[in-house]
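Coming up is one lone chain in structure tokens, specifically the form predicted on its own.
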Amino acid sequence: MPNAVYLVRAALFLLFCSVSVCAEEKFDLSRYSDEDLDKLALSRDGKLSASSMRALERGYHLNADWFGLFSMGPLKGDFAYDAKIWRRDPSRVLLVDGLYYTWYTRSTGKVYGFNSGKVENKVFPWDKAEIWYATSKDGWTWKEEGLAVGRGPAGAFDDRSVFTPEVMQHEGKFYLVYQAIKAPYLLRTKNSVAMAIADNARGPWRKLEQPILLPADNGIWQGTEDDHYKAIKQGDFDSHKVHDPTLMFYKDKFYLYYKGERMGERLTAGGREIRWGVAIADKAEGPYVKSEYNPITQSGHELLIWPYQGGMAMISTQDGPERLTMQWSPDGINFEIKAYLDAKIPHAIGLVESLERESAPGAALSWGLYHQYVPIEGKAWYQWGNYIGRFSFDHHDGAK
């Protein structure tokens, strides 16, 4: 038996060595300059590990201008923390007639979580919520102006909650896209993405009668227990949820980016299997057709994406093997990692549309809004307080 173990180990060692040598022999070092090698502390005459080959291929030494650090803090006025109100998921910030505007999820009332015994009980801070808006003259002190989009009547696709808004201003109109839930709100409940349109930042908002995006209808739940981890067939990456809609006008079309969640959610090398997709339309109201390239990411929680140098830049914040990365795509679909960021990334970032974007990869992040959790002893995370704060992003030069 010991001889058999020895032979197996020897075979694995030889296989590993042969694979390593083979990979190095196929690696084209001539594509890289002496400067490339020097920046990565590599020698043209030396051996290359798999890690060194990845560093060259992915350009770790080339993208220092994409790296940076976030800082975060509270705001004044109505966005100061209030333990009785959940304010979260701020939209982009628009500058309209000298005032900054943002839209956000707002709710009140006790949060019970699932399985409380009563389906009418509020399960999350974004449950039984509405979309409100606020204004500011300086981006620091905010005034809550009131309701923008409320829940629909009983029986409507949005009768339980409307939340997580994003806004786009285009050709004199304002477009709000947001998540909607139809009652009851259970673990297996699917959601939709809806749209409201206005001629003025202050409304009134006209809701479209039907959702503009739905989850894929190709998964099969296992049994009847309300458990979203159990599925006979998982289906597409967005077979359970379509979250965090973000609307962009790009290449003369409307790109609706969103996060997908899958029925029977499993784990990946980076934890939860969370991916992004995009649906594209010729008109803002749709119809939206999901891209044949979906999913377009292998990570990401809240959506954070903006135009940069003719393409799209994004940050994958939480969840998945490529979380905490800044990425760029030349076509808005095929993204490549540009930088690995510090774990201190704000939740649910809302960018400021009026900022100059092209001077640097992080210029669009100079400042913006986010939501902050306030831990409460003895409470689950979904029962913690929420408030909207302000962040900034600074390029980090390690040589200074």
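Here the structure is a predicted model, which is why all the values come from computation and not from measurement. Numbering starts at 1 and follows the sequence shown.
Separately, the form predicted in complex with 3,6-anhydro-alpha-L-galactopyranose exists; it is not shown, and the next lines address it.
*Asks:* In the predicted complex, does F163 have a heavy atom within 4.5 Å of 3,6-anhydro-alpha-L-galactopyranose?
*Replies:* It does: once 3,6-anhydro-alpha-L-galactopyranose is placed as it appears in the predicted complex, F163 has a heavy atom within 4.5 Å of it.
*Asks:* State yes or no: in the predicted complex, is some non-hydrogen atom of D244 no more than 4.5 angstroms from a non-hydrogen atom of 3,6-anhydro-alpha-L-galactopyranose?
*Replies:* Yes, D244 is a contact residue.
*Asks:* Just to confirm, D238 within 4.5 Å of 3,6-anhydro-alpha-L-galactopyranose in the predicted complex by heavy atoms?
*Replies:* Result no; D238 lies far from 3,6-anhydro-alpha-L-galactopyranose in the predicted complex.
*Asks:* How about R275: is it within 4.5 Å of 3,6-anhydro-alpha-L-galactopyranose in the predicted complex, going by heavy atoms?
*Replies:* No, R275 is distant from the partner.
*Asks:* Heavy atom within 4.5 Å of 3,6-anhydro-alpha-L-galactopyranose in the predicted complex: which of W126, Y101, W132, Y255?
*Replies:* If I apply the 4.5 Å criterion carefully, the residue I get is W126.
*Asks:* So which of R88, R262, K290, K122 gets a non-hydrogen atom within 4.5 Å of 3,6-anhydro-alpha-L-galactopyranose in the predicted complex?
*Replies:* Answer to the contact question: R88.
*Asks:* If contact means any heavy atom within 4.5 Å, which of 275-283, 108-116, 230-238, 299-307 contacts 3,6-anhydro-alpha-L-galactopyranose in the predicted complex?
*Replies:* Single hit among the candidates: 299-307.
*Asks:* Output the sequence-ordered list of residues from 168-194 with at least one heavy atom within 4.5 Å of 3,6-anhydro-alpha-L-galactopyranose in the predicted complex.
*Replies:* The one in contact is Q179.
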